[in-house]
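Have a look below at one chain only, the form predicted alone, in structure tokens format.
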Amino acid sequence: MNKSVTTPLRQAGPPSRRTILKTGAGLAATAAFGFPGILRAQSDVIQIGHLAPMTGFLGALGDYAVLGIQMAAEEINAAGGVTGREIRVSSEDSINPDTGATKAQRMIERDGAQVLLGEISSATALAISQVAARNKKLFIATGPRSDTLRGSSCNRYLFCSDIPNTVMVNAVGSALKRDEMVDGKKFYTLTADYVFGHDLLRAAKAFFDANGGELIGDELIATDVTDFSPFLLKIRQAQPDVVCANLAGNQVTNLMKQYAEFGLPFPIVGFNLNTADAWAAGPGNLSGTWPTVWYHTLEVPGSQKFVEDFTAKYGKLPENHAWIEYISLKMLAQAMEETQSTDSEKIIDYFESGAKFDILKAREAYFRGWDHQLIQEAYPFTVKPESEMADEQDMLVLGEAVPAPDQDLESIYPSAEQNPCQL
């Protein structure tokens, strides 16, 4: 693939001022900083429609997403905006697929959003992507991980900046294989009962089949379930070698607390975990090997600067959804600056060109032209012994990047033969 090298993302200092406006039942946060005057003409504003789950089982992650994108908007505007124009991000609670789609349409029609960005739920992201395609507006899906979004449900206007399920499975699987925890082992899985979980289970089954693991049981778990005891009793009876969690949001938090209480002797691993949910599980409850797209201990200067600035601004460490919203808006700003345009078609062409982006990791990232997936490193992480933890945010040990520095970044992603995407 042809990959052109472009100017790295501009790193600005702290913004001079900030505003976050709350409206209605959700949060409508507007970043409009670094520009003189109280009001600006609409033509001077680049409007970004931002959707994130701020309530429900993904709500804790959505809160970090809003903080991350607002920080990016403030930095961009403090540095002079994009093509000399103010960038304004309006964040709203997507709630569920129907509401997310309705709000996306309203953002385009009423608010004049040039681009849609955000979301964590794969089901809601799918609904928003259909709205974006009908309106021929770019949608950068920042948090959903379903392979289906990048596969059979892909479209020209949808780009995905988080790692997909197959990559998460490969990141953890490489560590499990190294520790001889796959070949000849019996697995029992607990799976979130919606499109993301079903998709992750398919990826997990493919990994087990390819590497000699045996799936002896799976339980589909509704997203509003908080009592895992019936499933833990089934696991105790099944006597697996390894328990694997294909869950999302606070499902993982609730499971890990109860798994520790039950005292089951079977090691538990997971193919999905966000750090806010890991922190919420608390010291002594979380164990095993898990995947992540980014963690605040990553030893890259740009990443450490982001952590320092975020912590100084908000009084807490950034979670991975804060990071991914931050770098996604910075990538969009780079594309607009390079093309001198907010037109979706021109930005899409730029993304498809193989343009490189500094995403605060050791290796630059790029969007793959044929399925619009952001190609980047991933990481496995493990859990420290409780005696070595300073607090709940000092639980995790980040593993080496996957793939290794001497390997092709695309080696852990679904190939064109494995991915049915037809743009």
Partner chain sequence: MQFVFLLEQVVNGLVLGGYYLLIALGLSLIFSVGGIVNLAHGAFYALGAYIAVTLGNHIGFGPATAISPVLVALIGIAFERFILRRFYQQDPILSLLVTFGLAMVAEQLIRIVWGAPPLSVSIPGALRGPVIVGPFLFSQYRLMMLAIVALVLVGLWLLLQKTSFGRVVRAGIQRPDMVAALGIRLQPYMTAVVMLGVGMAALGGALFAPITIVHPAMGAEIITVAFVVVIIGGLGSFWGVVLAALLVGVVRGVTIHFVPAAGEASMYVLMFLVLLLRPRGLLGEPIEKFEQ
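Numbering follows the first chain given and starts at 1. Worth saying up front: this structure is predicted, and the values here are computed from it rather than measured.
Unshown form predicted in complex with the partner chain; subsequent notes refer to it.
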Checklist line | V383, heavy atom within 4.5 angstroms of the partner chain in the predicted complex | finding: no
Check: Does Y194 reach the partner chain in the predicted complex, with heavy atoms at most 4.5 Å apart?
Finding: no
Note to self: With the partner left out here, check for me: in the predicted complex, does some heavy atom of D358 sit within 4.5 Å of the partner chain?
What the structure shows: no
Check: With the partner left out of view, is E364 within 4.5 angstroms of the partner chain in the predicted complex by any non-hydrogen atom?
Finding: no
Item checked: Answer option from V45, I375, M54, L398, heavy atom within 4.5 Å of the partner chain in the predicted complex -> M54
Item checked: Listed residue that, although the partner chain is not shown, lies within 4.5 Å of it in the predicted complex (heavy atoms), from T297, N211, T83, S229 -> S229
Margin query: Within 4.5 Å, heavy atoms only, one stretch in 70 to 78, 301 to 309, 231 to 239, 95 to 103 touches the partner chain in the predicted complex. Which?
Written below: 231 to 239
Checklist line | Within 168 to 193, the residues that have a heavy atom no more than 4.5 Å from the partner chain in the predicted complex | finding: none
